[in-house]
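As structure tokens, the next two blocks hold two forms of the same chain, structure 1 and structure 2.
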Structure 1
Amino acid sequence: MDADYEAVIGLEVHCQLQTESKLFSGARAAFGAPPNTLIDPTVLGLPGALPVVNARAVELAVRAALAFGGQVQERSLFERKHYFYPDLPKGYQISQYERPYCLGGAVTIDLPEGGTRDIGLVRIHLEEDAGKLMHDERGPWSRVDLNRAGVPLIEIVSQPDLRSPAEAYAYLWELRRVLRWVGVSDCEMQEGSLRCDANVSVRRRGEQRLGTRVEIKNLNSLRHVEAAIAYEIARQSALCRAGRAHEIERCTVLWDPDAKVTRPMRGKEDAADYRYFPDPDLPPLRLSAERIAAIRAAMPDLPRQRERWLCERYGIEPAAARELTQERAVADFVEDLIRRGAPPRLAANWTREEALRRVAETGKPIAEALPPALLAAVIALVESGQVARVVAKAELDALLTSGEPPAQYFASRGMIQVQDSAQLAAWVAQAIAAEPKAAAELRAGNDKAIGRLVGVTMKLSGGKAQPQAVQAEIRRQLGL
């Protein structure tokens, strides 16, 4: 971004709520089922079928609103948005329009340059997802899969408060962290449970008026969002600099992640008339203060609070605290280790290095991928010097599959480090005798020479000596 122009970015995020069933019927909501198996008369839009709102979906939507500090409306309306498309069974989508269930709120993001900023939200509304159309390469056909039709969504519309691709990235990162944390959504962009459209315009710095905005669709990952916005800002500001700002058309473009360019959507955008009107099948959605209070009371803390708590209470590094608060289960896991006696920094390190890797590899919940009781015991053995850190790490998988208690596991395999100081003194004396040159250099002040002596001692001990103890003994024997 140059000094003359600034970008103005607003994001519209669609997020699937993790409910068992769909927004307006009992049909199951899930990802990856065989086509057209998660359906019922309501999902199919069969004649005579009616919608009934899913109370759990409403509860999750309210959670999201409360997590971002939005004002949950006492009364909101479901409306019908009409258009014809084969993935839209009823010929209309049930959405919220004039009266969404939540107004306002904000997402607090970490700025790339440090510090935080609140990105305002315009609104959050509830709506049902459409199905999917798959264009068949083999013939003049399209196939319709209605498994996704009727899945509950919230649409979160931000104010145009973002100024750079990095901020947009940070906004989505934080949004996802919060939504996952409070159990609203799994926010898997690859599976489409989090979808983002970006509205981007540029203007001369200091200008109050907004430039012509372009909407970018087909953004399937956080990196795509960042790259597409960067591309679009560069394209628009180049046109402005060349005095061709008028060539920026208000339009919708698709991000092509392979070519790394945005392309106008085929066909001129119609001035669509969705003919919204309140759905007469659904009474207004009423959310009493009591119900909102009950939902609030059942909510966990928020990731930003926990992040601060990990730093301030336990002295965990900010970057680590941030990583560990991406998932509530992970943060809980770290605190579980600490409660079991692990020093906080070690708990954080072992979680980041070992537990998260296993989660990524196995896809299991963290406490299953690596039981916290077992890890805490391993950390204690390493911390007390009984097992070498490298040994513990190398053996962790085998230890897990063995099912043995860690102390017994390491002991039965001769992996407990020798604590006997007479034995250690003997090995060190032997090593100094074998490496007089290294000993002399060390005495002369060349600290690096100690490595040679440690290595020989370790070899003599068969790996059972503890490196720190060896170093101390070498220095002691050499009178340093």
Structure 2
Amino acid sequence: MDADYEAVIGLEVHCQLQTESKLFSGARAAFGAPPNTLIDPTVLGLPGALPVVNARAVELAVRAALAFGGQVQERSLFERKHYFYPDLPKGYQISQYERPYCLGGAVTIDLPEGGTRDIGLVRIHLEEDAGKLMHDERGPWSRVDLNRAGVPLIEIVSQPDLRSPAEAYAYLWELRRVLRWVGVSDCEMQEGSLRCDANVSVRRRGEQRLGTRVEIKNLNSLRHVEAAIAYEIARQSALCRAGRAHEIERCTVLWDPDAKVTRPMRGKEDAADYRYFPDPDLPPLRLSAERIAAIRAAMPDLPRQRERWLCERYGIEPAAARELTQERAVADFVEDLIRRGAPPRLAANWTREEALRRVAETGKPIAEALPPALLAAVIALVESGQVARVVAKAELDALLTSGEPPAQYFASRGMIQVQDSAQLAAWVAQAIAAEPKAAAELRAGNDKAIGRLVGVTMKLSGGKAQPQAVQAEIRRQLGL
């Protein structure tokens, strides 16, 4: 962190809404289709084709506004934002400027040094996406794919409240968590459904006047956002220290992730350059108080609320609760295990270690990757001492493949731990006789020596002895 200069950072996040069709037409909205197959006359701006607002997109946009505590406006306007680029077939983008549908709100972030802070929002507005340019390195041309053109977006504009790359990372992490949680978007940055532009300036600490702002465009991963902002802060701070602050130009730059530098793209446009005016083909967007209230009533609890719930009601550690509330389905899975009788701590640990592993490996939803009823039964067998934890984890994938109930699976393969105290005492006596040196070291106060005795006992039992019971029996027989 620079001792003399501080960064002032604001983020503009474009989030694709999770709809079946586009914002102003019935053309399908999907990722990965062959180029230029998800288009229609409205997307292409052909004569006579008129836009009609997608009601589902509006509902999702309102959900996002409510999730961040924004003020949803009962009347907002769609406007034409003009610029000429090959990925914009109409020559303008339908957006909102003077009268967005949402004003204000905040995103609560966890600060790197501890505690939380609210990062204010200026606005959230609805707009359509542009197409995508693909630059061919083998020749002096680019290809245009218009599949993305017309896909519904919300743009979330923060106040310049962020002060470090780490805070920007935390802001995007929380923003993404909330948007996915309430079902607004899948927020897959690698697929372009969440994109971020960062506005960065520096100023002397204690000054109120803002420095010259540089916009970094189209950052497509959280780490790229953090790295690009860090580079731009260092670049601008170095110029200021050298008395060359006048060389910082208000412009748009691109992040080069290979060279890890920003590169100039173009001069920064002002609103006047876009020649905004109300779209004559679209009436004002009207959202009644009753409609807003109905959307609010259908909202789920938010991830921070669930995070507190897991900590306060079930005693789950804060770090684990934070991890388990990255996705609503994961948090629901944990609570399902607890309702089925799993101790909360074990429900959390098995979800983090095994259920999420299988999600990553299979790509399935968590309840399909590892059915909660089956996992709860496995946890019960481990908790009661009938099956060793290490055995249960090692056999979990085979258990799922077998289709057998857990108790039957482990019993039929001789994996149920022996509960017979006389048999356990006999195995321990044999282990002590076989390892007199380890027994003497344990008596002398070397607690690590018990590991050798436990290992011999487990070998004698064929893995059927319960390790905790083995330790207790060893200490009993040695008079400890």
Partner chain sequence: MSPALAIAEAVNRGTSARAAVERALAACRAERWNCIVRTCEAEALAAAEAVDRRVRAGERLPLAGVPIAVKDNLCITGLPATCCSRMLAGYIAPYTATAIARLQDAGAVVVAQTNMDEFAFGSSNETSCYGPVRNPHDPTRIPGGSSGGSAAAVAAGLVPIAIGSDTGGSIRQPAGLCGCFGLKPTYGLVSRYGLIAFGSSLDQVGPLAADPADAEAALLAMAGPDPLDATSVAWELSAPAASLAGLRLGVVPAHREGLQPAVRAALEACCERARAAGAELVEVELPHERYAVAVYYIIGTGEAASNLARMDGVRFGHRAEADDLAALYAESRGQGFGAEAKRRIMLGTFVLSTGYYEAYYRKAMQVRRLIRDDFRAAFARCAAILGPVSPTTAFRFGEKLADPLQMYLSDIFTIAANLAGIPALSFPCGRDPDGLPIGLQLSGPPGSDRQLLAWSRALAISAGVPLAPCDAAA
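Please note that residue numbering is based on structure 1, beginning with 1 at the start of its sequence. Please read all numbers here as calculations on a predicted model, not as lab measurements. Each form is matched to the other, and the largest set of C-alpha atoms that superpose within 1.5 Å is called the rigid core.
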Between 1 and 2, where do we have the form predicted on its own? 2
When you overlay the rigid core, is the Cα of Pro86 off by 2 Å or more between structures 1 and 2? yes
Does Val122 move appreciably between structures 1 and 2, meaning a CA displacement of 2 Å or more on the superposed rigid core? no
After the core is matched up, is the C-alpha of Val144 off by 2 Å or more between structures 1 and 2? yes
